[in-house]
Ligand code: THU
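So this first bit is one chain, no partners, the form predicted alone, shown in structure tokens.
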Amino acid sequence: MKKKEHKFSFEVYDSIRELNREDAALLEEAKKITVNAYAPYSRFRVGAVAILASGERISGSNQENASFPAGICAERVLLSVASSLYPGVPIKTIAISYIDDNGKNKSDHPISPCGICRQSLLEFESRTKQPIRLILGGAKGKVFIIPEANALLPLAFTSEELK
């Protein structure tokens, strides 16, 4: 038997005030994008903003529907926009923020992409051959910076398994 270990490291900032100007601005923009979310069922609004390798900025927000939970997360909306409007252009950084309108969660800590979004981020990185840096933060509180989205999905199922 062999034992293998997977290590994961990321940066933790106490607040957005500790970020450099560009990262702070991107996270603030993601916070503002949450108002575009259509989340009448979960009342959990998520916004995502990306900087592409070309310098373009794009955004996405979660979109629910009555056959809940068959909506689409902000991250996947953003990846769809990127693929449709800027095919083949890598994403450098994505900032993700949220507002929980239920009041149970004070939106005071980072959230991480769900499983299907992690897979989608990994696939996008693979297609464009460039890591995607993630900035995760709530309306206030700590901020996480993850250097590569694929770190969120160890032992991933990839296109290599389908060849």
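The shown structure was predicted, so the numbers you read here are calculated from the model rather than taken from an experiment. One rule holds for the numbers: they count along the sequence shown, beginning at 1.
There is another form of this protein, the form predicted in complex with tetrahydrodeoxyuridine, and it is not shown here; the text below is about that form.
In terms of contact with tetrahydrodeoxyuridine in the model of the complex, the residue from Asn105, Ser42, Asn36, Ser126 that brings a heavy atom within 4.5 Å is Ser42. Stretch 108 to 116 is the answer when you ask which of 126 to 134, 28 to 36, 51 to 59, 108 to 116 has residues with heavy atoms within 4.5 Å of tetrahydrodeoxyuridine in the model of the complex. For the chain shown alone, Ala82 is not a contact residue for tetrahydrodeoxyuridine in the model of the complex, no non-hydrogen atom being within 4.5 angstroms. For Ala95, no non-hydrogen atom is located within 4.5 Å of tetrahydrodeoxyuridine in the model of the complex, even though that partner is not displayed. Tetrahydrodeoxyuridine is not shown here, and in the model of the complex it never comes within 4.5 Å of any heavy atom of Asp100. At a distance threshold of 4.5 angstroms between non-hydrogen atoms, Leu78 is out of contact with tetrahydrodeoxyuridine in the model of the complex. Along 55 to 77, these residues reach a heavy atom to within 4.5 Å of tetrahydrodeoxyuridine in the model of the complex: Asn62, Glu64, Cys73, Ala74, Glu75.
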